[in-house]
Every structure is written in structure tokens, then in C-alpha cells.
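What follows is one chain in C-alpha cells, specifically the form predicted on its own.
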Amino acid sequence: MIELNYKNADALVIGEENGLNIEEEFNNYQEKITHIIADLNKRKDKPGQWLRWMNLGYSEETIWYVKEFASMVEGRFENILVLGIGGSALGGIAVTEALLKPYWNLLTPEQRNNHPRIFFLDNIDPDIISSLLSILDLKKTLVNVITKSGSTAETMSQYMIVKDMLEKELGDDYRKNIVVTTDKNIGILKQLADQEGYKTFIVPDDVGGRFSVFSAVGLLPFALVGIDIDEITNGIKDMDLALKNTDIHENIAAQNALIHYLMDTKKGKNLSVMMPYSSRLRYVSDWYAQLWAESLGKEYDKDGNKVNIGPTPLKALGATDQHSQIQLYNEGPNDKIINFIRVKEFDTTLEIPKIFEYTGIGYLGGKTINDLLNAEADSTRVALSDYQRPTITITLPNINGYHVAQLLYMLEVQTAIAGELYNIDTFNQPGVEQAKNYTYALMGRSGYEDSAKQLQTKMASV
């Protein structure tokens, strides 16, 4: 199992001003945490609670259909192209970057065990879209269109471009090159998929985009490139069992949620830095940033009080950002809690040759890059504690589907618990929806004419 070490957030290490009396706080909040965990698990099967992501590890039917489709198309495509944005892409990027061989798309088919390359178009930059589509052989590309609503402007505009290109190249056969992941019953994309005859997978009801990585949203692309999705679901199930424990002393998601909540509300540390010491895990930080920001940044609490709360997530990469951000973290405002992600055993041990022994770098010879990276992580953690900066360390035994799934699921549960501590609706996103509606108005979507007029007036005055 993954491990959580919180001792460098304790007042015994970094002082009373910046640290917490963690064991005391665990005891103070034990009853509340017990209630929160029990309540989340009681509500997870109820419609409208947006907690069904807690059941995704047990979705045997989805897993079976994903495996069946991946087997059916095996060997037919050289490329997988995922069209999606936000929660429809960030989890997929995080997991594929972690679990596939590094530089996967540059490897030969033999080095990839004849599995396809995978590309994510998660933005609408015209230069990026044009460049990627110009180098992909669309005849040999399976396009996975992902949007639960079926009306996401960014994804649907991409789809329209790619569909038009595919149809021109393949005629009526283009339908075999598109697979859709969307709502079961409603939405423009669902309607189009039925009309066009696309193979379709479901984004389950009451699963928001930022919590959807272990639905078909993520599992389908993973299976298509040969990632073992059974290993992923086993990791989720084992972590889910551990996180059902209502004793905060045994529940790492509850521990980290409470520590972050108290660091924000008691110590003024409302910035949460996610800093993996592994390049393969760097996109976990991007996924975490959406999860933490959209879930916890809210204007109103559940009682209707205007609170404007929410910790801000930041991303960093060890050891790279020791040379760009740690100066600020050590000597700048003491308003952050830093989450390190460590890996005990990397897949590779890389030795540093014993050369230049007569120079100032000779001491490195005979060591390994692994030793150096771990020394960098340890020294940074200790240096931060010297400056009384709180840190948390999450340790993975190694990088595989089982432990990466545990990490992501733990962070999802941690977020849900934190939302209850803040007394906010963790699963809505009215601030995002407002910007979406403005976009619809500017682009001339039917039904948004009045909004377009109001928006044009506002834009003219700023």
C-alpha cells in the first residue's frame, strides 16, 4: 500500500506557529471524521449525490466491455487520439504517462509490443491541432471522443474537424475509426453517436468529470494501449477498503484532508503544492490541480453563507523545481503546504561512472542517479523543515497500475472529506459553468442571444 508521512507538518518538527499538534487534532476531529466517512459511504449509491465514483473499481460490466472492445480492435490502429478537456483528459494523461514506457510515442511498434501510440488533444490551440492532425495517418487512427454533456464546445469542435477529415479520407467507413464516451441517455454527442452508429461507452450518472478517471473515460484509453486495467481496479478496491476505516489514525485520506484543512483555516497556508519526485508522475499534479481547485474553491457553503474559500493547488516537479521554486517556498511567504510524492523502487537503476575522480564532481562516481534523486528529495524536505515549512510525503513502493490507482483514488477520497470539513458542495462547479455559458453566447449558440447582448455590453466596458 502507499504510505503517508505527516511528521514534517507537526509542531514538534516545525514549531507551534506553523505546525499542527497533529495527534491532538486527530483526537479532536475523530468523531467528525467518523461521521464524514460513514456518511460518504452511505450516500454513494444514492442518485444526485455525485458519489458514484466511489463504486467505479467494482464496475465489472464496464471492465468487461472495455476489454472486449480493446480485443476487437487490437492490431487495427497505429494511433489512439483522445479528444477531451479537463476531467475527460487529465486523468488519462496522468495514468498513461505514469504507466507506459517513457517516450512511448517515439518507440518502435516492437518496443511498444505492437500497441498503438496515444495522443491527447486537451486544448483548442489551432497550431497544436493542425500540427498533430497533419502528422497522424487518420486512416490508422482510432478517435475517442469524450464529453459527458455532449456539448462541450472545445471537444465538439475538435470532433467536427476530425470527423470531416475522416469522412473525406475513408467515406462511410470512417465510423469504424470513432468511439464515443458520453452520457447514457442524453446530450448532442449521444444523439450523434446513435445516428452515426458509433461504438459508445458510458460516463456513469453522478460521476463528475474530475472524478471519472476510473470509468470508461480512463479505462478505455488505458486498455487500448495495453495497460492492465485489472491491476488498476485491484488497487482501487484495496484502497477503498482501507479508506472505509473510520478511525482517522488508520485512514490516510482523512489524515491528509484534515491536515490541509487545518493548515488553511488555522495557519493561513492555503496553497497546496503537489511535487512528485518522478517525471513519470508529473502529470498527476495537473490532475490534482483540477480535482482540488474545482472541488474546493466555492463562493457559498452548504448553508448559503458567502465564504469564498478553497485552497489553491500548485504543481512542481522534483528535482527540477528545486532550481526554480524552492527559493520561494523556503524564504517567501509561509503560506504553503508541500506534498512530496516519493517512489521507493524505480524500474531502472542508473549508475554514475567513476570518472573525473580528481575533480570536484568525483564524489558522484560510483553512486546512482537513484541515490541522487532520493538525496535531493530528502535534503529538500529537511531544508523546508529548517525554514518551518510544512510538508507531507506520500510514498509509492513502485510505479505500477496498482499503486498509481491507489494514489489517485486516495486523493479523490481526500478531496471529498476536505469538502465536508469546509461544509461546501464538493461536486458542483458554478464558476466554470458561467464561463461556459459566456462562451456559448459569444459563439452564437441558440438560446443564448440575450446573454450574448449582455456580454457584448460588458466586454465593451472593460
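Throughout, we count residues from 1 along the sequence that is shown. Note that the structure is a prediction, hence the values are computed from the model and not measured.
One more form of this protein, predicted together with a small molecule, exists but is not displayed; see below.
- Residue-level contacts in the model of the complex: of 32, 67, 52, 436, one residue has a heavy atom within 4.5 Å of the small molecule, and it is 436.
- Checked against the small molecule in the model of the complex, the residues 389, 210, 282, 381 give one hit for a heavy atom within 4.5 Å, which is 210.
- Partner proximity in the model of the complex, defined as non-hydrogen atoms within 4.5 angstroms of the small molecule, places exactly one of 190-198, 78-86, 128-136, 371-379 at the interface: 78-86.
- The small molecule is not shown here, and in the model of the complex it never comes within 4.5 Å of any heavy atom of residue 312.
- Residue contact check for residue 122: none of its heavy atoms lie within 4.5 Å of the small molecule in the model of the complex.
- Among heavy atoms of residue 429, some come within 4.5 Å of the small molecule in the model of the complex.
- Taking the partner from the other structure, the small molecule in the model of the complex has no heavy atom within 4.5 Å of any heavy atom of residue 264.
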